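First, one chain by itself: the form predicted on its own, in structure tokens.
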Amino acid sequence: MQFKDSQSIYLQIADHICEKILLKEWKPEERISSVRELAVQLEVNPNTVMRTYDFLQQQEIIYNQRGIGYFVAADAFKKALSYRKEDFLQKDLPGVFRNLYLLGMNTDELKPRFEKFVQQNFS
């Protein structure tokens, strides 16, 4: 995983986990990697992964079964979708709107490109 300087690493890991849930690679009630396993896999400090897991528990996207491990919550898809949507609307969309305005574009010009992107990447 390539980390960006513009966002905390633990939040980037949270986005990565949410993406796996939204792409249905991680299913509800499925056990996920331990803190140590994920830290090794992503080449980060285990404390960073722990911070990510704490954050995702607060968002009710994952939960901990003491002594067994971490699991994807039953309604994780809905919670991850809500979290990622709000994050996008607050952080990314204003920049997109600014660029559209500066370039004299409108949202109608984006629709065919969006449809092509979805077709090429998710079909």
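Sequential numbering from 1, following the sequence displayed. Between two forms, the rigid core is the largest collection of C-alphas that superpose within 1.5 Å. Fair warning: this is a prediction, and the values are worked out from it, not measured in the lab.
Another form exists, predicted together with another copy of the chain; not displayed. Remarks below refer to it.
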Using a 4.5 Å heavy atom cut-off, are Glu30, Gln41 and Asp75 all in contact with another copy of the chain in the model of the complex? no
Could you tell me if Arg84 has a non-hydrogen atom within 4.5 Å of another copy of the chain in the model of the complex? yes
With the partner left out here, which residues of 64-78 have a non-hydrogen atom within 4.5 Å of another copy of the chain in the model of the complex? none
With both forms fit on the core, has Leu23 moved 2 Å or more by CA between the shown form and the other one? no
Tell me whether Gln65 is among the residues that move between the shown form and the other one (Cα shift of 2 angstroms or more, core superposed). no
Cα separation of Lys116 and His16 in the model of the complex versus here, shift of 3 Å or more: closer
Thinking of the 3 angstroms or more shift, are the C-alphas of His16 and Phe117 brought closer or pushed farther apart in the model of the complex than in this view? closer
